[in-house]
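Heads up, the chain below is alone and in the form predicted alone; it's given as structure tokens.
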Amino acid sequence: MKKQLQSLKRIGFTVGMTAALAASSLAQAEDKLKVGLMLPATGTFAALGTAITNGFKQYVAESGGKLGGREIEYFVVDDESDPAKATENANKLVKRDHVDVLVGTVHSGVALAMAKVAKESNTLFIVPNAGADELTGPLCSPNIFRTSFTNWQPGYAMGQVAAAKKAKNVVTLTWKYAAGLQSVDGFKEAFEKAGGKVVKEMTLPFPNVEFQAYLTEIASIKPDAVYVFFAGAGATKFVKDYVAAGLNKTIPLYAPGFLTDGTLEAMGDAGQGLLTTLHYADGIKNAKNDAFRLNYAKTYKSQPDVYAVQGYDAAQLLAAGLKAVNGDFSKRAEMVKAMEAAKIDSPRGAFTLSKAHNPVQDFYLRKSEGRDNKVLEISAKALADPARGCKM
């Protein structure tokens, strides 16, 4: 009898523990997942931050307001595109708000500081724009993912295009910060590999938009083409100044697509006919892009751009991980493996991730017509960043 009672107690304890664990797992699945959005809401890149936020929230809305069965609670910080404030801002989300996932940002310098905070705290970090090569290079980590590009990728794709168009001597101009300098490096690598020569590399401080002295120097050098890296309001100002100086009549202007994404309306006639390379274009024909653009236009009363796509895909990637663990965020190792293996059905076209957690994706040669960046051709197929310095 005594043994039977002990056996019954053990059974009761086991059943009780199983029920408790199940209840705990269910409670965790029902808890809201805390997502920290650290993006620019003011300044040069404000519109980009808004588009990324819109895209992320659109995917969540399309998924019934949940990812992997978890409702999303947002915590928002305006990073002001200021690297000096980046560590403090990231710590507000990680240490004060205790977010589960950190999402950001546009400015590469700010993203590098965010990566340091994420690595130190082991916070899952998804980068929906900043292309700093280091993020999936020397700073690569199991908890850091990117759904956009490296600065090297679109620059490299355009270097191939410039060489194919028989340019021999090119001048480059960019803001002197990580994004611009690495973009120029990518362009230069491909262009000079094909026999071209970058004869002058010019830079100016971010976010300076006083371009006249540089335009005067370009006119005196008379290169076959100019390659630039600018985005947002700075891109609009540069293109207008370039056209006002008459340089567009004799010297083709090449750039990654950030020059014209989200800026064509503001550029007006000056922005027409520009050639850019990017992993997204308005005229991509696939079912996912058609539905994405329609839903975005209905929801936000505007047309989406590459930044919205990257925000949308950041949510898709997070969803892929959460789905694999039924929303149980404590199973981080399993979740990370699922994210690494995910094939994202993106409006840009399906892409996978490299071992360094960066998209392996097609790059398109686009031409600006009206308010659209229309596809001319695929300029680089399934282009993977070399991930130099990644030890993961």
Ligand code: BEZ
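Numbering starts at 1 and follows the sequence shown. No experiment lies behind these values; they were computed from the predicted model shown.
Omitted from view is the form predicted together with benzoic acid (BEZ), to which the following refers.
*Asks:* Mark Gly131 yes when one of its heavy atoms lies within 4.5 Å of a heavy atom of benzoic acid (BEZ) in the predicted complex, and no otherwise.
*Replies:* Yes, Gly131 is a contact residue.
*Asks:* Even though benzoic acid (BEZ) is not shown here, does Ala231 get within 4.5 Å of it in the predicted complex, heavy atoms only?
*Replies:* The answer is yes: Ala231 has a heavy atom within 4.5 Å of benzoic acid (BEZ).
*Asks:* Flag Phe149 as yes or no: does it have a non-hydrogen atom within 4.5 angstroms of any non-hydrogen atom of benzoic acid (BEZ) in the predicted complex?
*Replies:* Phe149 belongs to the contact set for benzoic acid (BEZ).
*Asks:* Check Tyr364 for me: does it contact benzoic acid (BEZ) in the predicted complex (non-hydrogen atoms, 4.5 angstroms)?
*Replies:* Outside the cut-off, so no.
*Asks:* Whether Phe145, Tyr280 and Leu353 jointly form a contact site for benzoic acid (BEZ) in the predicted complex is the question; each needs a heavy atom within 4.5 Å.
*Replies:* No, the whole trio is out of contact, none within 4.5 Å by any heavy atom.
*Asks:* Pick from Ala179, Ala314, Val239, Val170: which residue has any heavy atom within 4.5 angstroms of benzoic acid (BEZ) in the predicted complex?
*Replies:* The residue from Ala179, Ala314, Val239, Val170 that makes the contact is Ala179.
*Asks:* Sort through Ser108, Thr263, Thr276, Gln153 and report the residue having a heavy atom within 4.5 Å of benzoic acid (BEZ) in the predicted complex.
*Replies:* Comparing distances to benzoic acid (BEZ) in the predicted complex, the residue within 4.5 Å is Ser108.
*Asks:* Tell me, please, which stretch of 56-64, 331-339, 356-364, 43-51 lies within 4.5 angstroms of benzoic acid (BEZ) in the predicted complex when heavy atoms are compared?
*Replies:* Careful reading of the contacts points to 43-51.
*Asks:* Output the sequence-ordered list of residues from 232-261 with at least one heavy atom within 4.5 Å of benzoic acid (BEZ) in the predicted complex.
*Replies:* Heavy-atom contacts to benzoic acid (BEZ) in the predicted complex: only Phe258.
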